[in-house]
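Next up: just one chain, as structure tokens, the form predicted on its own.
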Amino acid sequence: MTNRRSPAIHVAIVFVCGIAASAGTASAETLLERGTYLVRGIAACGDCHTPRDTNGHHIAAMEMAGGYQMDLMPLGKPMTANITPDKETGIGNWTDEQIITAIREGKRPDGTIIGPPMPIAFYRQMSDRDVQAIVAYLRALPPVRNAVAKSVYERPLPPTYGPPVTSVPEVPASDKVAYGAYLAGPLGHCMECHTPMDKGRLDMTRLGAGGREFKGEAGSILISANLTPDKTDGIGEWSDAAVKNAITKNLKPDGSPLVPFMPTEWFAKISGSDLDAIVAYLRSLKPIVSR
């Protein structure tokens, strides 16, 4: 798959897909077991909320302790929060409902708004059980004392992401396409990165068509891939195995490595049934030619 861009731009086929446990086994899981599986895979929470050493490696002893600053200019330079149960610098004094509100509505207990890159628009559709499972995992983390600076945004954040979220039911895994959409949407928010922007908003008429630009190392530009089944610009000619290898191993269909942008250390934990559902969903998308 070729992206026609300037030679100065490094093109990345970025598969930012989240993962979740099979709903077929979900009923046998405790909330903590489910939360462990989701947080360590879905949306790669630790990829943002766990700080890194000078070599760019995540610091295991600082899991979810925050302090990783991102460059999203011209929007701003957000700093990831400490979401361990430390009572002074983390979320140890937050109630379960306050944590759930932060995840699904982007609002802290003090009423302030959480900004990007938190994909609140997608998390709003996270099921009640899954968001409760994530809370259970965060509660079980060892508290880490790590005071982090506030995020700085150059543009005003919205006053709200929408009305309060009440109750969201689970999506049955028996409906493979619908469950795949849930994995790639509310849980994994793949479509946030793989849907182009139009006037500052996601262009949902081109869902999954890719083309979003992200800053890479040394000033490079990474371009999200077209995940639609278009045979020229998308994954229409890719085998199911090739799509799965891109998600879990960061490999192209020919076996060569993709640009190291995806948090593969998390995505490698995806279950076979969830991979099947994600692929089924991507196959169901409308084929779209890249711009």
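From a predicted model like this one, the values you see are computed outputs, not experimental measurements. Numbering starts at 1 and follows the sequence shown.
Absent from the display: the form predicted together with heme C (HEC). The rest refers to it.
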Of the candidate stretches 201-209, 171-179, 110-118, 139-147, the one with residues having heavy atoms within 4.5 Å of heme C (HEC) in the model of the complex is 110-118
Heavy atom to heavy atom, is residue 102 within 4.5 Å of heme C (HEC) in the model of the complex? yes
Decide whether residue 127 counts as a contact residue for heme C (HEC) in the model of the complex under a heavy atom distance cut-off of 4.5 Å. no
Contact between residue 153 and heme C (HEC) in the model of the complex at 4.5 Å, heavy atoms? yes
Contact with heme C (HEC) in the model of the complex for residue 49, defined as at least one heavy atom pair within 4.5 Å: yes or no? yes
Option touching heme C (HEC), based on a heavy atom within 4.5 Å in the model of the complex, out of 85, 216, 78, 196: 78
Pick out the residues of 177-200 whose heavy atoms come within 4.5 Å of heme C (HEC) in the model of the complex. 188, 189, 190, 193, 194
